[in-house]
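Just one chain is shown here, as structure tokens, and it is the form predicted on its own.
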């Protein structure tokens, strides 16, 4: 069976033409790098009211992604100029492709029920299934519940194509491992996990990804192991952030500086010693960390193997970490409440300047931004809140300004939610003058300002993990 597929791949020859489904933060840089190494790349994008604009922009050699993405603008310009890339809504061109990758988001509408919304991914997989031919390699890059590739995705592809996975076409999971702000670098330098439904599919997928790697190496495994690897690595990062946030709570309660403690912990080095500790913050956002724990949890719940041996009645460590990180916007609200109380004010009627809507510094990526639940808490409490972000220009139902001075004008409290580079340059004298308040409140959710400088200028300061400063004299 697998030998037959190997023969089909051999007869088809080296991979020359590639299709990339989904022109987003993953698909665009992946397509651009494939186009550098292969003959032709088609980027497939639905011509929808929300995303269809990307087609004309990409075909004119322009990058639709905002924020700082080193190397991506130039790369897109070059591949279009050299006629090695075309963005299209015509999915029938999949039939021209030797390999097709799928990079479509897989959110949870309600994490509590552990049921993902695979509707967009399903639509993409069905489009692929309609047009693949014998000898095509299909690769899922989307983060998915473990077990999805060899079960649900395989069945849809076979149903739509009339072909057999592992016999007529190859199928693999090679999860993306990128961070917005360093997309090109991550794809080239991070090791690539490649998991096929069989050894032949795995080898063909390694042929696809090998040419785009610079310092990264290929790590082959099974499709399900690759799915667990992706969901687990994000779950562990979320857990590490939660541990830092929990420790920050303790440091605030004990009146000490989290960052002194972190420096001390991080100083312990030596063989067999691992004390990796991340940074606390105003909240975890993005498409990955906010939901991949639930993909991992769901995978083990639906797996047809042995049940998990775990203490009865105890929440999963990973889900507990998720709850801690989800709590951070509320903790920011609590800090703001206490700061306003020290200034003799209530949240109701207060003018709040929220700095940063993107979840990640110096990008326009605001997916699952922790600033949104904070804003909702403020609105529910009767505050007048204004939002500034230099990169995010629009968001459904939210008025986002790029005029920092107007947002700061008359503010009773300034809340730093995102570590955008420009916020590091906030001048306390200028901010206080714009606020018109003798004791303006400032809440630092990313530890980017010097508390002493602001306190000396009359601000009431509070910061995550800054127990040494949060009760300073006013």
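Positions refer to the first chain, counted from 1. Since this is a predicted model, take the numbers as computed values, not measurements.
Unshown form predicted together with a small molecule; subsequent notes refer to it.
Residue 146 falls outside the set of residues with a heavy atom inside 4.5 Å of the small molecule in the predicted complex.
Using a 4.5 Å cutoff between non-hydrogen atoms, residue 234 counts as a contact of the small molecule in the predicted complex. Though the partner is left out of this view, residue 300 does not reach within 4.5 Å of the small molecule in the predicted complex, counting heavy atoms only. In the predicted complex, at least one heavy atom of residue 284 sits within 4.5 Å of a heavy atom of the small molecule. Though the small molecule is absent from this view, in the predicted complex it lies within 4.5 Å of a heavy atom of just one residue from 366, 385, 137, 241, which is 241. This chain is displayed alone, yet in the predicted complex one of 331, 167, 182, 342 has a heavy atom within 4.5 Å of the small molecule; that residue is 182. Shown alone, this chain has one stretch from 73-81, 197-205, 274-282, 90-98 that lies within 4.5 Å of the small molecule in the predicted complex by heavy atoms: 274-282.
For the marked spot (178, 230 and 289), a heavy atom within 4.5 Å of the small molecule in the predicted complex is present in each of the three residues.
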